[in-house]
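To begin, one chain is listed below as structure tokens, in the form predicted on its own.
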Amino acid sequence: MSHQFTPVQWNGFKWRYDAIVLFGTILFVAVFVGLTMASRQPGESLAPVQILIRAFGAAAFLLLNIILSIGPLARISARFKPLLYNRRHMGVWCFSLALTHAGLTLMWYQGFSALNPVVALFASNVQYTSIAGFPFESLGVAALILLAMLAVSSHDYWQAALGASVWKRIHMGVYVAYGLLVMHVMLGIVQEEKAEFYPASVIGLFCIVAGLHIFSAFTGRVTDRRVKASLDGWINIGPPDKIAENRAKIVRTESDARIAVFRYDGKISAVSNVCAHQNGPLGEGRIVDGCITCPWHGWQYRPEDGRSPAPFEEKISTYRVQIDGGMVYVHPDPLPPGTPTKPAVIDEAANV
């Protein structure tokens, strides 16, 4: 969090997570190389470097599809939320694979050109008006530049320096990079491959990613309806027992603000649903060791004042709550970030 910045805060989970990603990449590349060599017909053989170029490119593209699927999967099912904690590690590794793919491509195809290899890459094909001959390499370069920007700015230092909103908008550029890579791969396949398996695989992956995002957005819209305040301005959340212990019910106000109403230790508190780190959905997390814990990266806040435990200094808005007639009410007007707010005690309210 904001207390200090270190390159990587390693723990056992991160080691296991990254080890699985590394092993999976090595296995994928090995299988890809083996199957490619075995499936080549006589007269269609490829040089080992060419096979590695394709293997690293395919690994990077597949990993990007996995990365983009983690977010909606975590919203659909809580069992996928642990994958969110180190998703940025996967993003940096994806860029490393893409950079290896680009480096091998320049070395093999442009390394012996009289021109600078990068200049030669763009000068060798300028058929931008032809689909069959389109220089798909340019799309890959554009995507690589975007992935480089995202990888360099992935550290919390840049999030703190740029602010959560600006940082988030920049990192939404991953979808632009993904679109460019889909076109890069499809055009490359059209020009260099005849087997239907390759375009079918790309289309299938794209449909899975798009489908997961559409489905998670639809389910979120169903469960995240706007609620209207009553005449005195308070919003009726429902009875306390409709909120799971150490969990939250998320409500969306008429002004489109999202409030996370938590139940814990016989009390009710309400805070902003937006984490100060990367705008993560706090209401989808849970209370751990007395603190609301963001499901994305584990940032924590006390429910009674919206402040992170010492020595951290992050703050989020709190909301006034009360229990009346067996119903939980929250006031839609946010209090300044870090404002102490008295929780509503369930037992006391039941005895009134």
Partner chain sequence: MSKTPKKDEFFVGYNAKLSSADRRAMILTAGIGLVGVALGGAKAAVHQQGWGSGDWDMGEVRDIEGIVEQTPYPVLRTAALDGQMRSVSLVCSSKCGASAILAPYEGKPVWVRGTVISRGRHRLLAVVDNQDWLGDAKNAVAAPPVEEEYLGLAALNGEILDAKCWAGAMRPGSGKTHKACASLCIRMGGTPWFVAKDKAGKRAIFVLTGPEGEPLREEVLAMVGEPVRASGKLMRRDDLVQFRVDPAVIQAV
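Positions refer to the first chain, counted from 1. We call the rigid core whatever largest set of C-alpha positions still superposes within 1.5 Å between the two forms. This one's a predicted model, so the numbers in the text were calculated from it and none came from an experiment.
Not on display, but discussed next: the form predicted in complex with its partner chain.
For L187, a non-hydrogen atom is located within 4.5 Å of its partner chain in the predicted bound form, even though that partner is not displayed. The closest non-hydrogen atom of E192 lies within 4.5 Å of its partner chain in the predicted bound form. By the criterion of a heavy atom within 4.5 Å, G285 is counted among the residues contacting its partner chain in the predicted bound form.
With a 4.5 Å cutoff on heavy atoms, K14 counts as touching its partner chain in the predicted bound form. Contact check for I20, L35 and W108: all three have a heavy atom within 4.5 Å of its partner chain in the predicted bound form. The contact with its partner chain in the predicted bound form, taken as any heavy atom within 4.5 Å, belongs to S124 out of T219, S165, S255, S124.
None of G91, G266, G133, G173 but one reaches within 4.5 angstroms of its partner chain in the predicted bound form through a heavy atom, and that residue is G133. For its partner chain in the predicted bound form, the listed stretch (145-153, 174-182, 115-123, 207-215) containing residues with heavy atoms inside 4.5 Å is 115-123.
In the predicted bound form, its partner chain lies within 4.5 angstroms of at least one heavy atom of each of the following residues of 49-65: Q50, I51, R54, L62, in sequence order.
With the core superposed, I26 shows a C-alpha displacement below 2 Å between this form and the one not shown. Annotation for P72: C-alpha shift under 2 angstroms between this form and the one not shown, rigid core superposed. A displacement of 2 angstroms or greater separates the C-alpha positions of R247 between this form and the one not shown, with the rigid core held in common.
Legend note: Cα of A58 to Cα of V190 is at least 3 Å closer in the predicted bound form than in the depicted form. Whereas the shown form places them at one spacing, the Cα atoms of G298 and M172 lie at least 3 Å farther apart in the predicted bound form.
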